[in-house]
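Each of the two blocks below gives one form of the same protein chain as structure tokens; they are labelled structure 1 and structure 2.
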Structure 1
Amino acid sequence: MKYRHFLGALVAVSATVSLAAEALADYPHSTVKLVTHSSPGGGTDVFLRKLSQHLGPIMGVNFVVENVRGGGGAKAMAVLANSPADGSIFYGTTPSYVNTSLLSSPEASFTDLDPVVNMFYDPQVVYVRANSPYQDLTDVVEDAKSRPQQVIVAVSTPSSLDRQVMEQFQTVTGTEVTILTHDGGGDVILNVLNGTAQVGIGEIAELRGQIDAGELRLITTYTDERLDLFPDVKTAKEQGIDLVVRKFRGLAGPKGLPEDVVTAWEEGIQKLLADPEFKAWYEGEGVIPAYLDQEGARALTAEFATEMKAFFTEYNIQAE
């Protein structure tokens, strides 16, 4: 009796498998691996897992997220570079894979990989304590002009985009502030909360809890347009400070991917971004959808790399 149940279950399982196989007739693989250098629960990890959940049915593919940690992405890039370019493995990209390539000499660098699509920008924001006198970035500029080096701006690591944008800020506005680097975004928040720094730079996701509780307040975003979540917060551009940070999130694969695979991804990701459930998730996260096809993603990566290289060279951060 039990045995027959088991057989029935087996038949049911194989039926589902063959159904799934039919749905993905146009994609060459039934299982696709998504690699991230982020540890489980980290930013890119959560992003890729959400993506697998919603993109799976769209592309008819079974996604597996694999965490290849170590060397700030160096190990993950090496895995990708040594994998077949047949559409069975991809890498969740963030600026750090470019930075790691520039800062150290990893076995495989970002140039050994080929961008496939871009999906989002993580908005870079400027924030203060709730009771701060600053209302926007212009206030910060004015204060910094009246007392050079006295305004303390907290940023995350020395090689981060946070720091890069604030170094540029000084050049663009002709001011001098003290840029205080930290080990990560969490430390930055604490030092803004306890008054050590007057201004902090960060991302919405890590600030959300404090903003909702009214402990921290956004004063400016380094984005092209105002954020849907915070329509009252001005962009730096609006205030005449021409700084836009494009902290990208996308996918890259080994070099030489077949054209049909790239097309399948370009179509799949566009459908995914329009998917209501997925949309609800990313809107809540505060990221900006920024779809770019392969050409666009390649150009973005190259431009970003040039900018960062200049920054690293100027501030003597680069290795060698």
Structure 2
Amino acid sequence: MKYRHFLGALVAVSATVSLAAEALADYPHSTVKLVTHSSPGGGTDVFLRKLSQHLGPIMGVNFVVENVRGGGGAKAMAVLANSPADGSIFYGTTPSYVNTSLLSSPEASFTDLDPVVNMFYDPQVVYVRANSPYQDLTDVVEDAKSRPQQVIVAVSTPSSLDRQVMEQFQTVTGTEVTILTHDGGGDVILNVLNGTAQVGIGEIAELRGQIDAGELRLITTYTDERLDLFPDVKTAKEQGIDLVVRKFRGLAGPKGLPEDVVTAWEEGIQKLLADPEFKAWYEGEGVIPAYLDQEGARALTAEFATEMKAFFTEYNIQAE
């Protein structure tokens, strides 16, 4: 699950960038729709709404976020693929839209869309209710071994990266758990909070409010190193479980976008990543800027798809 070139083009943030400059001129639309397959409160939903708040003034655009749920991103991809390639609509990309395409036969797949930019690497974390008896991931493993299929782990969509990684988790740890899928991270949180599931997989941005309120607690991170925001939380590797997951976040549009539209997004996103208020937000949420222009985003998507095909073969995960 390690994407060799994922961080090969980290965004270079110049201290000389003037954020007081006028909004990018002549964008062809005053209102632009940002589509996500995530439910309200899910990671991509949170990401797009925060992006809209800060990118709007930079690009001189009013952004509207629309949740198109269903099919693990299949419905959202169909909306994008059937929309005009004129810069009026974009899709918040994560590994889910590739996996959905590979594991089912959607009306439109990731190959019917065109990546525009990549923005972040979003660390994946494992969490429980604050009063859970699980203090770390090894506690989950021990309980799952003693009670096969009785430990319920909540993940987002069936095609999500966190869902697929659970197959690897069970193989690496020699456990059998019950995996509960949802429409998005917000729904995962609710079912961990209400006790339907004992464990949840997600990202910091969608969890932060509940963590700060003392309702949820992290028990591990699927990262190479501990997160600066949570220095006391051990990585899975530190707990003897060799799992590292890197989740990308970016934007894609219908195929055939005009060059000037792509250029406007490339320039706008670089300014956004340098914006002090937006930077304070993403650093506070534990996400890592990993800017890639359209060429780089296309290469990342293609490489990820190749790696996931190999992963599905290795773990005998079959398409529907």
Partner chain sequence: MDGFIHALSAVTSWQILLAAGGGVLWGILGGALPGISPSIAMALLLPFTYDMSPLMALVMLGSVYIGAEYGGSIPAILIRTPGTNAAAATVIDGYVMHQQGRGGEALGLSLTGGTIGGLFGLILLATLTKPLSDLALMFTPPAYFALGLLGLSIIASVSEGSMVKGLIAGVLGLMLATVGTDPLSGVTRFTFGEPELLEGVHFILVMLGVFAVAELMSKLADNEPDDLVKPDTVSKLVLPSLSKLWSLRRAQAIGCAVGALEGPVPGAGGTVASFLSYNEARRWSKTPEQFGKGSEEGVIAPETANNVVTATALVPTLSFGIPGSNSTAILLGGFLIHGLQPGPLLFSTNPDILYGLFGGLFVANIMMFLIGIVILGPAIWLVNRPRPYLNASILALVFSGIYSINNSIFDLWVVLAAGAIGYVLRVLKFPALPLILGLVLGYMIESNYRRSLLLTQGDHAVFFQNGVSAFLMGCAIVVLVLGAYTEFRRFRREATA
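One-based numbering along structure 1's sequence throughout. Here the structure is a predicted model, which means the values were calculated and not measured. The term rigid core refers to the maximal set of C-alpha atoms that superpose within 1.5 Å between the two forms.
Check your understanding: Does structure 1 or structure 2 depict the form predicted alone?
Key -> Comparing the pair, one sees that structure 2 is the form predicted alone and the remaining one is not.
Exercise for review: Would you kindly verify whether Pro123 and Thr196 are assigned to a common rigid part between structure 1 and structure 2?
Suggested key: Looking at the motion between structure 1 and structure 2, one finds that Pro123 and Thr196 are grouped in the same rigid part.
Check your understanding: Going from one form to the other, how many degrees does the smaller rigid part rotate between structure 1 and structure 2?
Key -> Comparing the two forms, the minor rigid body swings through 37 degrees.
Check your understanding: So, with the core fitted, how far does Arg246 move at its Cα between structure 1 and structure 2, in angstrom?
Key -> That residue's C-alpha sits 3.4 Å away in the other form.
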